[in-house]
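Only one chain is included here, represented as structure tokens and corresponding to the form predicted on its own.
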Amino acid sequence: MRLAILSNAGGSGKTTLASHLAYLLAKKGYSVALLDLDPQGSVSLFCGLSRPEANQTIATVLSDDFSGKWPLSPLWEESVNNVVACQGELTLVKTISELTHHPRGAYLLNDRLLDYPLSQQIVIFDCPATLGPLSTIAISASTHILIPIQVEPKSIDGSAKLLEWIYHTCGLLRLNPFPLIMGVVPNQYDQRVAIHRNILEQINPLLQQLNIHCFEPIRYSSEFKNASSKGLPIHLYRPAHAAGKDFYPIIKSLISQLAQEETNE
């Protein structure tokens, strides 16, 4: 499984979702690689990694002289031993320009994964908040997509534009099959806020018309920020916190999808 975490808005919770799914899947016994395609390098912060050297990022993997040795760093070794990260950094800004002019630019990440396969069972792409070349290479390399959104007034319009972009890009790249959109994940939800409840009620029927699943929301908690400042998922920072359970339906869906595909094979 290659899972792209896609959004066209900053602050939608992409890295929070990506890092927590990586941790929980690893706790379930799956081996996971978390690839950071964001020039901001959010995975480094959220997962407690030091800023990498320039030649130890995903930008190196996407360069023409890549030798096949993926620069991978283990995560949360005291708790799990089967999850690694390939870090992002500002060097990806230069990569964006290079992808635009590369003859295989849109397919380059998929090419690398085919030519130099990772051993992990699940690869998660933490995408940037812009629908440019880096999100495009994630789309072309992915088998599945999750879309985190903030429960804010702009979310519905933004989600519609993102879905339109996904379908257009998949068609333009002639992907066969298209990556499966597993669902939308509402983030930072506060049930005490009326606008949050109203927006959630509006999103569900719209997604049902498109045959896209809407997961139960992940609640707002300042503890997510506190946990990320320590480079930990909330399950390690505050094991008993109720928000930790909000990720379980997504994990269940991912494991079910993996089992289904193994059966089909």
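On a predicted model such as this, the values are computed, not experimentally measured, just so you know. Residue numbers run from 1 along the displayed sequence.
From this point on, the text means the form predicted together with a small molecule, which you will not see here.
The shortest heavy atom separation between F224 and the small molecule in the model of the complex is within 4.5 Å. The small molecule in the model of the complex is approached by Q188, whose closest heavy atom lies within 4.5 angstroms of it.
Proximity of I218 to the small molecule in the model of the complex falls within the 4.5 Å heavy atom cutoff. Residue contact check for P249: none of its heavy atoms lie within 4.5 Å of the small molecule in the model of the complex. Screening 203-211, 60-68, 225-233, 23-31 for residues having heavy atoms within 4.5 Å of the small molecule in the model of the complex returns a single hit, 225-233.
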